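Next comes just one chain, in structure tokens: the form predicted alone.
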């Protein structure tokens, strides 16, 4: 029975990959909080996983370590796994991150090193990113180094605006005919009386249509927050929740792709 289930999973995975006529990459942004809010995370202040979305919003209050996993459409072969650590100092915030996606047929690994600082209301950050992708069999592998930048500003007591550009140096993978993804986006977030947070992003990848992403985070009770979100290109719906205390935080989210099904994600943060 186990072998039959394994074969069916392989068969279904092949169908999914066949339905997608574009290269299948792991997600660029990480974190279950952002996933639950429709990946509208470009202007989320103090976002723990900002190293993967907008480095200008790295957590500058605590030393933190976090872990995140996302099982895309229920397949272990399409799992995103990542880890992050951030250290704020008097000279700014330094952060390192790791991300791996896929299995033997195709996998992608990223190592990221970021720095963030601020001047008055303006926050700015930069990330050096090494990506390596590998195709199964003798189809090759290659690596590329990209530079990402981000800016953000608190324009009023409740309103943030943020923007990012991915791979500003237009890097490509060495050894294979693949370009490192290039993406630009701008986002807004508005907090309403500490009870609700609204976020909206517009993102453009050079290879895909413009995507709109939006989400809402609502304070349910003390330390417990609920979230919903929606994206276009592709059309997805998501919901999730997060519960946190002073020294730890856990977030869970589920995203539903209109064709491919459900993807559950979970992250866990520790603060020192």
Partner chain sequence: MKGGEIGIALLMIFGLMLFKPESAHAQQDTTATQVEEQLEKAFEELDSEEVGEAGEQLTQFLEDLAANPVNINSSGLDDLLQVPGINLKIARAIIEFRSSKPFEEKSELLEVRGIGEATYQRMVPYITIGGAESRFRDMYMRPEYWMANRKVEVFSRYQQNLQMREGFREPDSAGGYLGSPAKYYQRFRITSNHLSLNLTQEKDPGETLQGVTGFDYNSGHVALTDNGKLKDFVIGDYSLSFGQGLVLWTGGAFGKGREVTGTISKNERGVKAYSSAQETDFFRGVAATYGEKLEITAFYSNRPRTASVISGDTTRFPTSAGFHRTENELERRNNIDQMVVGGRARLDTPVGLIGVSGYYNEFSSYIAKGTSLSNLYDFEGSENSVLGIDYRGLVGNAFVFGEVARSQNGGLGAVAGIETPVTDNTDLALSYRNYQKDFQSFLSSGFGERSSAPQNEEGFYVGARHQLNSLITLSGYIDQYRFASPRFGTSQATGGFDMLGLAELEFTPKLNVYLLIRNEIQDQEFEIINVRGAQELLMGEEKRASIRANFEYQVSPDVRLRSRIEFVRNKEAGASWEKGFLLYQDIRIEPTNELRIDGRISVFDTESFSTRVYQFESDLLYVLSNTVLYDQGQRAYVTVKYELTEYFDVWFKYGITIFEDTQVIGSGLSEIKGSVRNSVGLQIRLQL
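Residue numbers count along the first chain shown, from 1. None of these values were measured; they are calculated from a predicted model.
The same protein has a further form, the form predicted in complex with the partner chain, not shown here; the description that follows concerns it.
Problem - Interface membership of residue 204, the partner chain in the predicted bound form, 4.5 Å heavy atom rule - result: Although the partner chain is absent here, residue 204 would touch it in the predicted bound form, with heavy atoms inside 4.5 Å.
Problem - is_contact(residue 168, the partner chain) in the predicted bound form, heavy atom dist at most 4.5 Å - result: Contact check for residue 168: yes, within 4.5 Å of the partner chain in the predicted bound form.
Problem - Heavy atom of residue 243 within 4.5 Å of the partner chain in the predicted bound form - result: Residue 243: no, not in contact with the partner chain in the predicted bound form.
Handout entry: Contact test in the predicted bound form: residue 212 vs the partner chain, heavy atoms, 4.5 Å
Key = Within the cut-off, so yes.
Practice task
Just give me the single entry in 75, 115, 188, 106 that has a non-hydrogen atom within 4.5 angstroms of the partner chain in the predicted bound form.
Solution key: Checking each option against the partner chain in the predicted bound form, the one that comes within 4.5 Å is 188.
Handout entry: 122, 85, 145, 195 - the one with a heavy atom within 4.5 Å of the partner chain in the predicted bound form
Key = It is 122.
Exercise for the section: Spot the stretch among 106 to 114, 134 to 142, 93 to 101, 160 to 168 with residues whose non-hydrogen atoms come within 4.5 Å of the partner chain in the predicted bound form. Expected result: Heavy-atom contact with the partner occurs in 160 to 168.
Handout entry: Contact set, 142 to 157 vs the partner chain in the predicted bound form - heavy atom within 4.5 angstroms
Key = In sequence order, 151, 153, 155 come within 4.5 Å of the partner.
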